[in-house]
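Take a look at this single chain in structure tokens; it is the form predicted on its own.
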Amino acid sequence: MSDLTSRTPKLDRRTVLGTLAGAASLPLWARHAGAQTAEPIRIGFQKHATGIGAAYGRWYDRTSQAAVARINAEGGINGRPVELITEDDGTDPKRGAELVEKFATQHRCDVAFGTLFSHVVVGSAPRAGELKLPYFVVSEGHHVASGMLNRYTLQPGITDVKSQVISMAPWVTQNLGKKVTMIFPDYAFGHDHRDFFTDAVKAQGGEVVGLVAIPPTETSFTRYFPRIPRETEVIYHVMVGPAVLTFVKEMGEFFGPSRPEIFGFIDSLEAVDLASPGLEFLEGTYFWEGAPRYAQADQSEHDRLFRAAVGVDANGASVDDPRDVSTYAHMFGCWETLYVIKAGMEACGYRGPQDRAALIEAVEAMTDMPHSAEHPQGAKVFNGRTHQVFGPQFISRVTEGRLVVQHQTAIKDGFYPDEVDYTAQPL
């Protein structure tokens, strides 16, 4: 079970791909005419098109469209084309739950997919469970692996905050300092950081000496910085939303040249150009990255393929507009999750909604996911009991205006004891 593709049913792939090569100009329906049915696999995509997640939503959409195009060019899923059904959830939990129902009943989707912001996941997952609609989230919250959701909700394409922070805490405390003040958004995602990093730092002999919670809708931050205790050696920041550039600029203005070490989650600067005026003070500070925004000297062929498919240059910006910076540390999760859905459907011979339970079981049976075109961020291990994937993390330093990787964690560095066994729940 170490290779996803090796566990899919043996389809007549040569025939399908041969037809594609010889008739590339055919319409999509004709390319898939040899399948048992030409009816598409419908994947409902919850897009944060508006609200505080809009920057992520735009790049999650772009990444998902690129993955679907590649999957269809390779013959689709079980010989059927894939269709992405996109709806705006407004980054709102109530709207998210409404969309889950709409995907299941109106659009007749086979699965739902894509959510990032944790409050939307938590608001949507219960309805997915009631409707028995497989719900694949591309978030980072610990809500899936904590056991608070249900068997129909899975996170197989991106790691969670708990895994991220426990894998990186040793490097932070050993290299930057042991007295940490945390600045985080005052909702579930930020609370995960607060709780898990506090415990991880303590386990390394360090101490979180200050906690600064900021409302996610805040637009000015200077008044919060005086709360940082004087003994702070490291500031740990993770902020999200449209005001992140303001946050980082104001932090620089507050500290000036005399500052503690700074370790941030790239969430604080996702979709923000490091060359933006006011960010010069970030030189020499550190960031967590899920995937390195800048192509590194040892860039893999899989990262190169992924960038080309999505239309991202070596600096992590759109090839069409260098000012349009991607959410590169997160959006790979959409690509990888769609390939997990494909592998699961092929493993169980998925035909339609009657096979949703079999799809869940097929994904639960997955373990090792090799570094590949389907998993360009890196190799991963999926825990079918907790429905959570584990993978590498990257710590990068701002060096001459670029993010340069200093440390990559091992997958096992992020392991923690199971908190749930979803496979014991009924389907």
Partner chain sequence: MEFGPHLMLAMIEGAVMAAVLALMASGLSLVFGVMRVVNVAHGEFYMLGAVAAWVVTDLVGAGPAWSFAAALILAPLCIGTLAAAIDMSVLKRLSYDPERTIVATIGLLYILQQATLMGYGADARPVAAPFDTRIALPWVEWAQGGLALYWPWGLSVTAYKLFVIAAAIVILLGLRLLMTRSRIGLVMRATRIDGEMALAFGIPVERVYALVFGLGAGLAALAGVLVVPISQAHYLMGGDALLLSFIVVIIGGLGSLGGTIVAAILIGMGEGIVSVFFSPTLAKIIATLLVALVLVFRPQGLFGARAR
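Residue numbers count along the first chain shown, from 1. Fair warning: this is a prediction, and the values are worked out from it, not measured in the lab.
Omitted here: the form predicted together with the partner chain. The next part is about that form.
Of the stretches 309-317, 142-150, 161-169, 244-252, only 244-252 has residues with a heavy atom within 4.5 Å of the partner chain in the model of the complex. Looking at the partner chain in the model of the complex, residues His107, Arg127 and Pro322 place no heavy atom within 4.5 Å of it. Taking the partner from the other structure, the partner chain in the model of the complex has a heavy atom within 4.5 Å of a heavy atom of Ser258. Contact annotation for Arg304: none of its heavy atoms lies within 4.5 Å of the partner chain in the model of the complex.
Contact annotation: Gly205 falls outside 4.5 Å of the partner chain in the model of the complex, judged by heavy atom distances. In the model of the complex, the partner chain sits beyond 4.5 Å of every heavy atom of Lys102. A heavy atom within 4.5 Å of the partner chain in the model of the complex is found for one listed residue only; from Arg227, Arg351, Lys132, Lys94, this is Arg227. Contact with the partner chain in the model of the complex, judged by any heavy atom within 4.5 Å, is made by just one of Ala55, Ala66, Val398, Ala358: Ala55. Taking a 4.5 Å heavy atom cutoff to the partner chain in the model of the complex, none of the residues in 68-107 make contact.
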